[in-house]
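Consider the single chain below, provided in structure tokens and representing the form predicted alone.
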């Protein structure tokens, strides 16, 4: 199963991606695809060294549109198997102590190098042509907002997990994303993150006004907040328990 984890900047999608990967790794082979061209800390959050960006394996960002989907697929595919992440050269995939494997698409790092559109194109091509075993799950940590929707990245996914923090902007983005994801025939899940008891009921009412069904909530967790502030491996107490309950509700455990 290929799941895109989406949300506005600061909603906590990267930390929830990490927690989700940890929970799922108990029963599944889990890959995380880092498709956020800005955030550089996901490897640290997972407790591993960063792999080389996949875009380098394909000759660099400037060549992706020239190569096109067919040639990119051929370059990444294993004979007779389609694209298999475990067949990538070892320098393009990292592993954590709990068996989670990470692939990075690419990062915008230089002044004037252009937009992130080629990275979205590569992510879409990868997801559309990726072949998984029955017990494997891919989590895609996307770039902030919903620009990836305009690039059609969702086409190659099976489900979208939308992470919303306690803001009206998050819920409005969730409404927009849900409408398009459902039209594509994909599963849509909404998770509320950083929730305190004082605002839980308000959030549920606001979500209901937008015809949004909430799969579950992640309580505000000081350990997660501290880990993100330090830029270190994610530690959690309540948030991990909540993520586990949510994934069971989604039928993934």
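Residue numbers count along the first chain shown, from 1. In this text the structure is predicted, and so the values were computed from the model without any measurement.
Form predicted in complex with a small molecule: not shown, discussed below.
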| property | result |
| --- | --- |
| The single option of 228, 184, 199, 215 touching the small molecule in the model of the complex, heavy atom within 4.5 Å | 228 |
| Heavy atom within 4.5 Å of the small molecule in the model of the complex - residue from 224, 46, 54, 32 | 224 |
| is_contact(residue 8, the small molecule) in the model of the complex, heavy atom dist at most 4.5 Å | yes |
| Close approach of residue 188 to the small molecule in the model of the complex, 4.5 Å, heavy atom | no |
| Close approach of residue 15 to the small molecule in the model of the complex, 4.5 Å, heavy atom | yes |
| Interface membership of residue 149, the small molecule in the model of the complex, 4.5 Å heavy atom rule | no |
| Segment assignment from 204-212, 64-72, 46-54, 33-41: heavy atom within 4.5 Å of the small molecule in the model of the complex | 33-41 |
